[in-house]
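Next up is one chain by itself, shown in structure tokens, the form predicted alone.
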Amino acid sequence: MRVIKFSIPEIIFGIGSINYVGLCAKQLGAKKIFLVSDPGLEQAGWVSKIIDLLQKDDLQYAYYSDITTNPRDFQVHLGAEKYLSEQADVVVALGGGSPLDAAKGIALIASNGGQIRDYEGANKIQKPLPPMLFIPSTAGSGSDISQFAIITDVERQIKMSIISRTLVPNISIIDPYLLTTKDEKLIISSAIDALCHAIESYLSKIASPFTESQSLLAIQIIFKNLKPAIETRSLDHLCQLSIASTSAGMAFSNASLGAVHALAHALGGMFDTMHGLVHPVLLPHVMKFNLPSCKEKMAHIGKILTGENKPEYNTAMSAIEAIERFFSTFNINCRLSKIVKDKSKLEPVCKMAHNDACLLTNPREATWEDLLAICEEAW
């Protein structure tokens, strides 16, 4: 059996777990916190909640929120400058994937120097990062668990994948109560992002028994709980979505992803699309492309989702059909033409996606022409 590495942060999970932020920061040696979040969480009251908790534990802080959806390289560099000028010693990040990924980039540049694009790809970080404590406000990105940071290179119009064990936060505090202030669109897009993480990591070339179990758990939980979570906003269902996001994060952090995310990064870099809303457009079509290389695994997903035990190919196809039906129950776009208005842009998107690190672990090798055919099918 091959040697397997499995990396995750210390996880503190549950309703009210956010109240431990000060204690956990002190355990990391904090004297002055560098708090990273965004204006949306300010308006929802969560930033002031964190600040109150830090002050209650006599912790100083500096706050940085100049972050947009799909965080930009220049935002990371400005944040690193502020981190250093404030002489902070621990990074605390609150938010969805954008603030969390930006916080990773800030910690990286503050400790290693240079430009964020210098670290694109895998295992290019040489020096340790400052301690990081993350609090996810959505159930989807997995950035609070993972070895990934996704940052937009504005000049090249590309979302860079930066992958390193050093990007795994020291502590992740996962409080599902934060989901109660999220709107329907964000809950759905986040959960679909987690679902795609789970499916792509399960089918990944480097999946292991440790990641596969987490992938399958996440798939089952999301299918069972997303619809009732939207309809009832029950804390029980929201907790389940947080568990699914965490499980999917454990899986993809260690098994990586595939063609859906490679294309999503390229689309996000060029068109600034909301990441989670690209997946219902692309996932079924990528699964159809990948089917010849992972028929047995895809059939296993089909058995779980439908209970069917037909011939392997038919059961594998039933997985794709079940996912398409699942997406159709939500008010979301499933056509690429609504994201990319000019079809001539698909070729440069696919050429860009072909260089994405996530494509390396896709179960079936894909040329940029293959990616273009997938996009045309999704059009």
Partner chain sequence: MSQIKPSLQDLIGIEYIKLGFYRELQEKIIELQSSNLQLDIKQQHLQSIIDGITDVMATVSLDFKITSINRFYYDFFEEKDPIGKLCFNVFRQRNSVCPECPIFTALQTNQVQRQIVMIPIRGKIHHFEITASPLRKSDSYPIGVLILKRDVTLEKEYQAKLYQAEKMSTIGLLAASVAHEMNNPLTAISGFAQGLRRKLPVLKKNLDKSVSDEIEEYLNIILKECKRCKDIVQNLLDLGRIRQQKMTLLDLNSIIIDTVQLIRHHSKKRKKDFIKLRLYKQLPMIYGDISQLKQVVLNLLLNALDATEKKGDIIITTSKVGKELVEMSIQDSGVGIPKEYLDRLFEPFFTTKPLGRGTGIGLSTCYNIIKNHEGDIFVSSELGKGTTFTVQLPIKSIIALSST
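Residue numbers count along the first chain shown, from 1. Just so we're clear, the structure is a prediction, and the values are computed from it rather than from any experiment.
The discussion below concerns the form predicted together with its partner chain, not included here.
(Q) Is Arg233 part of the interface with its partner chain in the predicted bound form - any heavy atom within 4.5 Å? (A) No, Arg233 is distant from the partner.
Q: Find out whether any non-hydrogen atom of Met132 is located within 4.5 angstroms of its partner chain in the predicted bound form, and reply yes or no.
A: Looking in the predicted bound form, residue contacts with its partner chain include Met132, since a heavy atom lies within 4.5 Å.
Q: Examine Pro128 and determine whether its closest non-hydrogen atom to its partner chain in the predicted bound form is within 4.5 angstroms.
A: Contact with its partner chain, yes.
Q) Taking the shortest heavy atom distance, is Gln157 within 4.5 Å of its partner chain in the predicted bound form? A) Answer no; every heavy atom of Gln157 is more than 4.5 Å from its partner chain in the predicted bound form.
**Q.** Interface stretch in the predicted bound form with its partner chain - options 192-200, 138-146, 157-165, 221-229, non-hydrogen atom within 4.5 Å
**A.** Selected stretch: 157-165.
Q) Out of Ile15, Leu360, Ile11, Leu23, which one falls within 4.5 Å of its partner chain in the predicted bound form, going by heavy atoms? A) Checking each option against its partner chain in the predicted bound form, the one that comes within 4.5 Å is Leu360.
(Q) Under a 4.5 angstroms heavy atom criterion, identify the one residue in Leu84, Ile304, Ala122, Met274 near its partner chain in the predicted bound form. (A) Checked against the cut-off, the match is Ala122.
(Q) Within 4.5 Å of its partner chain in the predicted bound form, counting any non-hydrogen atom, which residues from 240-275 show up? (A) Only Ser256 sits within 4.5 Å of the partner.
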